[in-house]
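Coming up is one lone chain in structure tokens, specifically the form predicted on its own.
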């Protein structure tokens, strides 16, 4: 039986840029890897820290940047280990008799590999693969000399051919303009950088939106909103990283009219209500919010965002991922002290920790059903009506889950 071919690509990734992505794609392709692990360091031994991005920020950006590459997983093993991230410890932990390990480094690292801690031991643990970071030929002789030295020590060295990006993460961090940043990092990573005000950026549109939303809410309601933002981001990163920015916007806006007079808004926007809507006034803010957003925040009146906000209280059959993310985030955010919220949150986050996106999406479906079940029990206990959409949502998800189970 052939050994598993495992690729390891470690680094600071602050931030992960297009050069990193294309190197990873070429690495996967040329080495015919069965699996690729992207491993952000906690504290790199050879670099200065303190660029403003936390280890969790870098981990999250990697989840976003590399999510499209099949059989590629983002590992937090070095971040969890803490301290200086020595490669030999990581490779030692991942070593297995049935696995061949391939370790990707850049030009600068291949030139200084003999300065790494226990570098000769690393040669015995993995095949070293290197990708050029520059197009000039000035380092060709130096690289060839180094490779020759390493091979005499028993190292197996392979060059990965890929498109060269003449920029480093250091250069990217100096760009505070979104238009410049988007040339070198993916749109989703760019949005994450601005949403979290990393590398001296101002936070852009989301920061301005957050300030406006805060003015429309009580302190208690805004605290809940920020909790939903954090939960929505965590869920999105686990199930579909490309939705992270939209998930945060949905969360910021989902309760924007919660503390306003609903029936006045219904009349103002000439909303057509169903009998269920009229019998469940607690859900009206989800409908009025959509009209309010179109009027006051048209920049964010995206159809996916509005759909998620519209269904965050009642649910809806055949909900999309963004709808599910907001629905569950609203129920489980950290400020919810209910035992039901805590149980669903802990179970969901435990699945996320395993790092499998398919399992995470399945867990999200189960979390939607569990949230609905707890809501139904609560409404029944207080003799309140249940919106028809909520029953239909549960039925639709149960059918989908059962269908997936039969397929497996």
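Positions refer to the first chain, counted from 1. These figures come from a predicted structure and were not determined experimentally.
FYI, the form predicted together with a small molecule isn't displayed, but the following is about it.
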Non-hydrogen atom contact residue 341 with the small molecule in the model of the complex at 4.5 angstroms: no
Contact flag, residue 21 vs the small molecule in the model of the complex, heavy atom cut 4.5 Å: no
Any non-hydrogen atom of residue 313 within 4.5 angstroms of the small molecule in the model of the complex: yes
Non-hydrogen atom contact residue 146 with the small molecule in the model of the complex at 4.5 angstroms: no
The unique member of 191, 78, 233, 330 whose heavy atoms fall within 4.5 Å of the small molecule in the model of the complex: 330
Interface residue in the model of the complex among 162, 207, 258, 156, criterion: non-hydrogen atom within 4.5 angstroms of the small molecule: 258
246, 320 and 392 each touching the small molecule in the model of the complex (heavy atom, 4.5 Å): no
Proximity to the small molecule in the model of the complex (heavy atom, within 4.5 Å), stretch among 295-303, 87-95, 100-108, 247-255: 247-255
